[in-house]
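The chain that follows stands alone, in the form predicted on its own, written as structure tokens.
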């Protein structure tokens, strides 16, 4: 009898491991690497993969914070438009002759304002976050076009090249993404604040009765996503050397896909930073592999859309099995 208890425990542990969405994401990542390496030998080169990741590093960093927003039971679809507007404001201010420090602070302040606007409309006025952020998505993107017009705004030559900066042989954007993932993962997984985010997303009413200030938590997450998105916009300006109003166009799809593919539950209460971290690398492999295969952008977008649908269905299936 005593010998059966450890064996049952190990079986349960292995079963719970395979029932985790992160395991599915990791498995897909390995399969994608194998498939992509058959298309091109470059996928066996770590440096090539790292360089490829810098192309979507800004969206990946913002997706980490978006994961926390979704876990809290809300969603923000305006982060990509925030990236574009913050970058346009930053580029416009520095092109007007202002010091670079002032331009950066202005861009970050713009992100703070955008995040706060989303938070006020959702938290204070109790409007559905998906409707609010679709509206602000269009509003922010329109403002970016008003500021930049149809032309590109250049940044100084010395400011260009954040993606070429290396830290121990790793591109700087990859280092920032990894460090952000570690910090947010620790906050979400090991702190009282992180546990409260899960509780708010699981049952907001119960969280309020437990004395958790859910509105303050959600407000802070919207603001954090706004500021991080603006920082990502400035990083994108450095990587590209110029800014247009259509920067990160369609990025909201990729960010939501990273979160969903990483196992974040669309209705809140479940998800991990690790899952989004793995999903970001998976999308880089898939997107780069499709580019190497010379697939048209429209086909690539279709594949990403199908991945999003499959990710939502698979996540719901895994969590429904876990409840049994």
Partner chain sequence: MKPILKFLSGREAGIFVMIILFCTAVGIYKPHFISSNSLRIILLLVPLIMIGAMAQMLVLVARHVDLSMGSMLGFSAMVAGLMYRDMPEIWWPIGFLVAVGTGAVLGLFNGLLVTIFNLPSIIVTLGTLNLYRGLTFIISDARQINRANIPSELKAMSQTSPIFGIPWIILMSFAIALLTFYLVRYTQLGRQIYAIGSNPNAAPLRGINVTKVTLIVFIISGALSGLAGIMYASRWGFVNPSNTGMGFEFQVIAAVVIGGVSINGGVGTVLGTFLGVILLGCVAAALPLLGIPGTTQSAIYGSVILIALLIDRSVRQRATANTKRSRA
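Numbering follows the first chain given and starts at 1. Everything numeric here is computed off the predicted structure, so don't read it as measured data.
There is also a form predicted in complex with the partner chain; it is not shown, and the following applies to it.
Site residues 124, 146 and 309 are all in contact with the partner chain in the predicted complex, judged by any heavy atom within 4.5 Å. Partner contacts here mean any heavy atom within 4.5 Å of the partner chain in the predicted complex, and among 116 to 124, 162 to 170, 91 to 99, 228 to 236 they occur only in 116 to 124. Here is the short version: of 132, 110, 221, 200, the single residue with a heavy atom within 4.5 Å of the partner chain in the predicted complex is 132.
Put simply, of 176, 253, 212, 104 only one has a heavy atom within 4.5 Å of the partner chain in the predicted complex, and it is 253. Among residues of the shown chain, residue 299 is one whose heavy atoms approach the partner chain to within 4.5 Å in the predicted complex. A residue is said to contact a partner when one of its heavy atoms sits within 4.5 Å of a partner heavy atom; residue 137 meets this definition for the partner chain in the predicted complex.
A residue is said to contact a partner when one of its heavy atoms sits within 4.5 Å of a partner heavy atom; residue 150 meets this definition for the partner chain in the predicted complex. In the predicted complex, the partner chain lies farther than 4.5 Å from every heavy atom of residue 50. Residues 75, 77 are the ones in 71 to 110 with at least one heavy atom within 4.5 Å of the partner chain in the predicted complex, listed in sequence order.
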